[in-house]
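The chain below stands alone and is given in structure tokens; this is the form predicted on its own.
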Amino acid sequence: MAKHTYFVTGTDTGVGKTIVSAAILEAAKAAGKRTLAMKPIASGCDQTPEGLRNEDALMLQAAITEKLPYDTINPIALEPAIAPHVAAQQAGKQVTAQRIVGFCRGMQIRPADLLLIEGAGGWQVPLNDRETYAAVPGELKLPVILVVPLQLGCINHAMLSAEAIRADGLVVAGWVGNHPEEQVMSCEQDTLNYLSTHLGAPCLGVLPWLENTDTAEMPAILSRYLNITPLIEN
């Protein structure tokens, strides 16, 4: 059974949840830990001879130490690059929190030191007309890692996300500052200082923008900017 399981969410979509997750997995690998990861539902998948494939799920598959088939990492693959609940409707599929919880519990029984479950979009992205993705970590009672893009407005988005996570009865285990674009935000250090003081969770690291770097090499490079001790101790 996985010793430590975390749910990875972001303040919004496109903030770098996957690259942060892959970097955490690489840091754990460097520390000699056995790792697993999954992205239960992924939209924006490409048609391949092997079936639908999502680049984020493939990155997680490459970063983990334990070999898993793609369909175990990404059991619900959707082709349109749109909100998961809309993509599922267009594909004629029903997505529920309990279905995703079942996939996650199946992964949790596998032996590992660290398991990351990556969400989709932000904390309350819809799964259907009645449920949001927050119901999944809520049912599993998972601590949450929050990815914060270092750009204008991130303090408000980070504080609201953390408040929503805690209102759902869960713990923010840590947060990671990420640079989703090359431009450095004005007064970045002041923003980092505020988040470190007020977010109520440890900063696990601040990941830089990498110029002219192969995507496959990014997680290992970025892992050097992380301190994952709070995630794997005990």
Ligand SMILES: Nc1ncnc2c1ncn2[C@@H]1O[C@H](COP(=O)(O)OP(=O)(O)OP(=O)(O)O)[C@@H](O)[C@H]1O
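The numbering used is simple: start at 1 and walk along the sequence shown. Everything quoted here is computed from the prediction, not taken from an experiment.
Another form, the form predicted together with this ligand, is not on view; read the next lines as being about it.
**Student:** Using heavy atoms only and a 4.5 Å cut-off, decide whether all three of 17, 39 and 179 touch this ligand in the model of the complex.
**Tutor:** The answer is yes: all three residues contact the partner (heavy atom, 4.5 Å cut-off).
**Student:** Check each of 143, 75, 138, 121 and return the one that places a heavy atom within 4.5 angstroms of this ligand in the model of the complex.
**Tutor:** Answer to the contact question: 121.
**Student:** So in the model of the complex, is this ligand close enough to residue 194 to count as touching (4.5 Å, heavy atoms)?
**Tutor:** Result no; residue 194 lies far from this ligand in the model of the complex.
**Student:** Given that the partner is absent here, does residue 221 sit within 4.5 Å of this ligand in the model of the complex, heavy atoms only?
**Tutor:** No - in the model of the complex, heavy atoms of residue 221 and this ligand never come within 4.5 Å of each other.
**Student:** Please tell me whether any heavy atom belonging to residue 200 falls inside 4.5 Å of a heavy atom of this ligand, as the geometry stands in the model of the complex.
**Tutor:** Answer no; every heavy atom of residue 200 is more than 4.5 Å from this ligand in the model of the complex.
**Student:** Spell out, yes or no, whether the shortest heavy atom distance between residue 51 and this ligand in the model of the complex is within 4.5 Å.
**Tutor:** Residue 51 lies outside the contact set for this ligand.
**Student:** In the model of the complex, which of 66-74, 184-192, 27-35, 205-213 comes within 4.5 Å of this ligand (heavy atoms)?
**Tutor:** Result of the contact check: 205-213.
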